[in-house]
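The data below hold one chain only, encoded as structure tokens and taken in the form predicted alone.
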Amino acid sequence: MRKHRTLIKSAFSTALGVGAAVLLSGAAQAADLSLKGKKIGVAVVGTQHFWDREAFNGALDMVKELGGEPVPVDGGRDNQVHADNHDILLSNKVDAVISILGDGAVEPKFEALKGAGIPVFTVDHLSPHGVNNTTSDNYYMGTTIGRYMADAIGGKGKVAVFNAFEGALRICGIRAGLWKYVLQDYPGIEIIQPELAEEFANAPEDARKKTLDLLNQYPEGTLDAIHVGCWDQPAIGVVQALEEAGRTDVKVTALDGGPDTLEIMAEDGSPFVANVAQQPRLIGQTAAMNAARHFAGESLLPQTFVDVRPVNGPEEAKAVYEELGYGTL
């Protein structure tokens, strides 16, 4: 069994920092900004997933660094609880709200905050009621991973996709939709129907079981790749299933590039061949800095895009892992 077996639990229990270069970048941008005397609500849909937790902690830490008082609320991965937490922030009379993720249930809450004169700064949730949304370039992520996957299988073959959230979350719709758009240039690639739907809770184990079922339907030589359309925690279980079944010829691709999945990619002979790494902590920091810019009278664009790092193969996985401050592989 490979070393990444221990990562499933450690990835969710350890909040990893970002690299010195990223921290210096955030600090440099924040040098002339201030939130002194401001109460800033920071609402997150949940902190079980590395990405969500890092964006949340990045926002909290930057609010403090800028002299503000953060008021944190955690939805526990329940979208309605997350939405209702904005009522708590409204009643606390915060000066601004940073809201991380969530579905359409947050929109009336954003509208109420805006009506009360409380500006909303979103993360990965573009809203007509928000001042600014900080995010990765999801269009670039979707097209890039589409090209990488197509190249990995020589531009032809059968591909299965885990795609539970394309219709539920805007960012997932963009990523999966652009992946499919790129594949239109490869008539030799067939996306297997029906698409697979992963569970959020315990995603690696759920994906492992569903992948084993898929492999029973598609014997050796009839399946070329498995892609996870919006994130990469299910890919941990996908790789496990491929190794258990002796099917590591099937290529795996996904999106997010957290430390756990980058470690798997860096292993010799790993079927996990491509990813696009985000910088969630820097995204949270940037949202807090944008709140300070707003209070300083700056005019913000509707969206702020934070750089991502494409990862194609084990050597790039090692390099990006180190660049983002996760250590050395």
Partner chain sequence: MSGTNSVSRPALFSAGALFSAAPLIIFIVLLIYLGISAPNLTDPATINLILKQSVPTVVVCLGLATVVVAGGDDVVSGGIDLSIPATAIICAGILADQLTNHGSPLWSAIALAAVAAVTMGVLNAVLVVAIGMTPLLATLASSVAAVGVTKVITSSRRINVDHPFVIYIRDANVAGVPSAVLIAAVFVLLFCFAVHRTRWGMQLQAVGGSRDAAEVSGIKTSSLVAQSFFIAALAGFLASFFVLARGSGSTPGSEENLLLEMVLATFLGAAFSPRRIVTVWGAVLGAVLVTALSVGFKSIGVNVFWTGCIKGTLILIVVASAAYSGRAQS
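Numbering follows the first chain given and starts at 1. On a predicted model such as this, the values are computed, not experimentally measured, just so you know.
Omitted from view is the form predicted in complex with its partner chain, to which the following refers.
Chemist: Going by a heavy atom distance of 4.5 Å, is T304 a contact of its partner chain in the model of the complex?
Modeler: Close contact is absent here: in the model of the complex, T304 is far from its partner chain, nothing within 4.5 Å, heavy atoms only.
Chemist: Looking at the partner-bound form in the model of the complex, is G188 within 4.5 Å of its partner chain by any heavy atom?
Modeler: Residue-level check for G188: no, no contact with its partner chain.
Chemist: I'd like to check something about L126: if you look in the model of the complex, is any of its heavy atoms closer than or equal to 4.5 Å to a heavy atom of its partner chain?
Modeler: It does not: once its partner chain is placed as it appears in the model of the complex, L126 has no heavy atom within 4.5 Å of it.
Chemist: So in the model of the complex, does T143 come within 4.5 Å of its partner chain, heavy atom to heavy atom?
Modeler: Result no; T143 lies far from its partner chain in the model of the complex.
Chemist: So, N79, D84 and A168: all three within 4.5 Å of its partner chain in the model of the complex by heavy atoms, or not?
Modeler: Each of the three qualifies.
Chemist: Between the options G115, G154, P108, G177, which residue brings a heavy atom to within 4.5 Å of its partner chain in the model of the complex?
Modeler: It is P108 that has a heavy atom within 4.5 Å of the partner.
Chemist: Quick check on this chain: which one of Q240, N132, Q233, N163 has a heavy atom within 4.5 Å of its partner chain in the model of the complex?
Modeler: By the 4.5 Å heavy-atom cutoff, the listed residue in contact is N163.
Chemist: Among 115 to 123, 218 to 226, 250 to 258, 190 to 198, which stretch has residues with heavy atoms no more than 4.5 Å from its partner chain in the model of the complex?
Modeler: Selected range: 190 to 198.
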